[in-house]
Every structure is written in structure tokens, then in C-alpha cells.
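For reference, the chain that follows is the form predicted alone, supplied as C-alpha cells.
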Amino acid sequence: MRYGTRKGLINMNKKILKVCIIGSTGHVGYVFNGMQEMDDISIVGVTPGSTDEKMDAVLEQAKKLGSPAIEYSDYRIMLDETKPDIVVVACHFGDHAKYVVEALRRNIHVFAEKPVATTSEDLDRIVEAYNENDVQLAAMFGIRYTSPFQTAWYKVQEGAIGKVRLMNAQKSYKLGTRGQHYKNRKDYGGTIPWVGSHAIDWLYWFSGEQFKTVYASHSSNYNKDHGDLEMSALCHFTFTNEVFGSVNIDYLRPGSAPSHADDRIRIAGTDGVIEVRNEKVYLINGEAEGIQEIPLVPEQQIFADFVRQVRGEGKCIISAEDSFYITDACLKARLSADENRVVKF
């Protein structure tokens, strides 16, 4: 989606929310897209969060949206001087936790790239800081907000497939040439937590069940000199009520493919099957003959949804608790793959 210039005048009846951005590696575009729906929010400061990050593109987009963002070299000085309402964390994945904890301890709301942490110890620190402060947090599980996944979720909630029993999710990406931080586990965190986290989130979101166990495998073979980066992974989850879900993850999508990603999910229930593939939704159940293509609901914006929650105007689809729970599931799946064993929740 292209970023544009906001239209309309600032609503002076509302407090202008101040936003700071730390890093340029993650999905900062969620912020810019969401801001196009809002006229009472301003990016006041940006700073690199990890080695070699450049903030030029972030500053340019902020300027297009009418925000007078200043680039800082030290995030602490930025937070001290600007006193933001929201901090956006989108740096190298292994650095997320440091900034998330700092913001939470300063009682600042946090919109963070996923996974919010790449180690269990860091996740514990984040949860502790969150519980000790009266703040909001959401991780960037933005695919929940896309038209196909929103449409499928609503149909499942309506009972179109009965009770969810089996789920198969896919995340397939082009590899291309990745930055240096993708090449070592400490900075990258692993392909299951980075790429697979979306699909693991879908299983939890669609089923409404709790994780019980995971058995996973991953491989860095044929990764074209990308160090520790795993090219392929497979996860099998068991949930409460004997619901099962699998996730297949890869960087094997050919460069000639028409899109960077191929995201899919198939959900089989007691009364039918629904699928998201090729950005469309297909349903088969007893209510109609053959396979139905379901009209898509409008896409939503995750950052705008989070801001509404910060303002007390609604509840974000992605809660802090969801963000922590899915991160924990990803780290347990990675542990299973590393140690070749079933991991219990």
C-alpha cells in the first residue's frame, strides 16, 4: 500500500498524540497507513534502534504526513525531550525488548514489531514492565486486519464451518538478499518467530483455543550464504479440545513469483471448510452447492485501531496479552525445532 499525504485539518478538540519511532527495519508502514485515517497525531522524533539503520525514509514519510519529526542519535534523549504518548519499536528483532521495556517503564504506550522479544528472558522482562505500568501495547500482527483474513474470521465467528477442528497455515516468502542482521540468531531471532509468528497467531485467533504442545523442525540448508537464517520450518500444534494446527514456513518462493508473499490458511470445521488463498476467501458447507467465493470486507488499519484503544475509544483487535502469548508460542516452537523434541505449554 502506498503512503500518502493526510487530508483535512487537525481536530483541535482532541489532544494531539505524540509518537516517536525507534528503528526502520520493521513494518513502520503500518504507522503511516494508519495516520492517513487520523488528523490528531504527530511523529515528533525518530532514532535508529540498531546498528546501520538509516532513518531517511521514515523522516520523509513523516514529513509527507505533516509531522515535524526530528532525528535523534540517542533514544533516551529523544524520550526525555519529546515525552511521547506512543513509542513505535521497529528495529532489528533481537533489539525489540530493550526499547519496549524502556518505554513501558516510562509509562509510554508501545506499538512494537513482532515478535516483541526473541528470548524468553526478554519476554518475561516485558511482561513484568507491562504489568507494573498503566499502558497499552500491541504487536504488529497486521495481517489480522487485511480483507481476506478479516472476512474469513467473521465467517468462522458466524458459525459458517461449525466448530473449528483442524487448521493448516502457510507463510511463504521470497528470500532476495537480506541484511546482515538476518544472518545471525542473536539479531534475527529465527524464521519461526519472525515469519511464522503471523501464521501461529492465525491458529490461535481463528480457533479460540489455548496452546498445549508444539513439535517443530527447521533448516538453514540452501540459504544462499545467509548464515543462521532458516529457509524452511514446519510446526505442529495441539490445542485445547483436541484441535490441531500446522504451520509451514519458507523463504523458497521464486523470485519470478507475482508477489513477495504467499499467505494461506485452511480451516476445517464440523460443518464446512474455509480457505484464504491468493487474497480470496473460499467456503464450502451445507448452505450452498459447490465452493463459494465470499465477498471481502474492507481492510482495516492496525495502528489506527491501536490509537483508538489508547484514546479509550475502542478495543484493539490485537491485545497485549495476545502479543505476549503468541511470542511465547513462537519461542517454544523455535526451542522444539532447536532441540528436536515436543515442548509443552
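This is a predicted model, so every value here is computed, not measured. Residue numbers run from 1 along the displayed sequence.
Keep in mind that the form predicted together with a further copy of the same chain is missing from the display, and what follows is about it.
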Which one of Gln136, Thr82, Thr238, Thr151 is close to a further copy of the same chain in the predicted bound form, taking close to mean a heavy atom within 4.5 Å?
Thr238
Quick one: of Arg165, Arg185, Arg178, Arg106, which gets a non-hydrogen atom within 4.5 angstroms of a further copy of the same chain in the predicted bound form?
Arg165
Are all three residues Thr270, Arg277 and Asn285 in contact with a further copy of the same chain in the predicted bound form, where contact means a non-hydrogen atom within 4.5 Å?
yes
For a further copy of the same chain in the predicted bound form, the stretch among 98-106, 245-253, 85-93, 120-128 with residues bearing a heavy atom within 4.5 Å is 245-253
Could you tell me if Arg144 has a non-hydrogen atom within 4.5 Å of a further copy of the same chain in the predicted bound form?
no
Is there a heavy atom of His218 no more than 4.5 Å from a heavy atom of a further copy of the same chain in the predicted bound form?
yes
Heavy atoms within 4.5 Å of a further copy of the same chain in the predicted bound form: does Ala233 have any?
yes
Tell me, yes or no, whether Glu289 is in contact with a further copy of the same chain in the predicted bound form, where a contact means a heavy atom of each within 4.5 Å.
yes
Going through 319-345, which residues have a heavy atom within 4.5 Å of a further copy of the same chain in the predicted bound form? Please give them in sequence order.
Asn340, Val342
